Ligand code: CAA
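Shown next as structure tokens: one chain only, the form predicted alone.
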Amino acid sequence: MFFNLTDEQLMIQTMVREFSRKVIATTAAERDKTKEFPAENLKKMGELGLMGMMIPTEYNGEGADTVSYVLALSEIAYSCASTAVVMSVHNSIVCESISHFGTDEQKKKFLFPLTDAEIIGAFALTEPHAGSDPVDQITTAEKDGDHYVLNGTKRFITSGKNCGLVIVTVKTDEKAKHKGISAFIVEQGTPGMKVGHTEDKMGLRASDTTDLIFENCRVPAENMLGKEGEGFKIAMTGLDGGRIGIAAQSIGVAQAACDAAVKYAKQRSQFGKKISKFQAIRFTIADMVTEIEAARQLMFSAAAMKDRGEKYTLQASIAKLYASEMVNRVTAKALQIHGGYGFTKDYPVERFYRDARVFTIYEGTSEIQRVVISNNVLKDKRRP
């Protein structure tokens, strides 16, 4: 690990690693089978300060930096990617969006239960026909006195069934394109909001992914997050931070797969010797370790830029693109090292392989990351 970590950051990493291996890992495989939401573990994580890491202490957060956060998130992902994705959306997008754009009243009302994990936060941007192009969303909010009335359907919402509140993006001005999008904080149980279809997914099976349906859902005007027309800005800012989180998740899962492959290679014998003695296996492991380390440095670079208050959109997309593609390569190689056993549920690499697949898709596909990266490079006047 070449990035120069502080003693405090190393302490956080060690603490979360111990908790993750002793508590989170013990039920991960079973939750993958049953799809049981890890509510009790998330509550324990709230008690440890992991569900509001970057929120100021005055709002019950830990006031930690982004580097500390991604270290913690990677350790949770090492044991259970389903738990990590809930932690990531909750911290990076929900808590931080309220912290950055919310009124003082909203912060006091919502951040305290969020950081304690009394409630879990969700973020609703994607719609059935609007994923990579959020401007094409059709969910609307119309002003009616001191309320807004929301109508529409959101799709692929992480924690949609188990969340206590959701940040929802809507059209408040159809003609203004991205400047006509606003954001609202909608509490679970609000009349007119209901949970729709729950997806039966390939991976991340202990993290529910649902439709959220809004039918004449009346939301108090005071629950608008930011100003009218700032929803697109809020969403993109949240996704920048979230993409560093996806890199952290990818690194955690990749490291778990690599460690499992190394352990297996040291134990498995073929042709009279351990397969770890074969050059093909050794070179594969070397490539895996190199790719993980490269992704880790990209993650640290983006996180450090965020901590310094610099514009980090480009670096977040680079880290997300490389790490999410990397984890798919590494888990595939780890499964291959296991041979036929890797294709069975007796070994964890099968779960790692399935969990990794979505990382190139959610919070901006690899194709969208390439659009973001190329746009930033081509408009940079400092380049030739």
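Everything numeric in this text was worked out from a predicted model, so none of it was measured. Numbering starts at 1 and follows the sequence shown.
Just so it is clear, the following notes concern the form predicted in complex with acetoacetyl-coenzyme A, a form of the same protein that is not shown.
J.: Hey, in the model of the complex, is H147 touching acetoacetyl-coenzyme A, heavy atoms inside 4.5 Å?
T.: So H147 does not count as contacting acetoacetyl-coenzyme A.
J.: Determine whether any heavy atom of S132 comes within 4.5 Å of a heavy atom of acetoacetyl-coenzyme A in the model of the complex, and answer yes or no.
T.: Within the cut-off, so yes.
J.: At 4.5 Å between heavy atoms, is A25 in contact with acetoacetyl-coenzyme A in the model of the complex?
T.: The answer is no: A25 has no heavy atom within 4.5 Å of acetoacetyl-coenzyme A.
J.: So, T153 and acetoacetyl-coenzyme A: in the model of the complex, are they within 4.5 Å at any heavy atom pair?
T.: So T153 does not count as contacting acetoacetyl-coenzyme A.
J.: Look at the stretches 232-240, 188-196, 216-224, 289-297 and give the one with heavy atoms within 4.5 Å of acetoacetyl-coenzyme A in the model of the complex.
T.: Every other range fails; the passing one is 232-240.
J.: If you check L165, L212, I93, A303 against acetoacetyl-coenzyme A in the model of the complex, which one has a heavy atom within 4.5 Å?
T.: Filtering the options by heavy-atom distance leaves I93.
J.: Considering K179, K109, K201, K161, which brings a non-hydrogen atom within 4.5 Å of acetoacetyl-coenzyme A in the model of the complex?
T.: Among K179, K109, K201, K161, a heavy atom within 4.5 Å of acetoacetyl-coenzyme A in the model of the complex occurs only for K179.
J.: Does any residue in 354-381 get within 4.5 Å of acetoacetyl-coenzyme A in the model of the complex, counting heavy atoms only, and if so which ones?
T.: If the 4.5 Å heavy-atom criterion is applied to acetoacetyl-coenzyme A in the model of the complex, 354-381 yields Y362, E363, G364, I368, V372.
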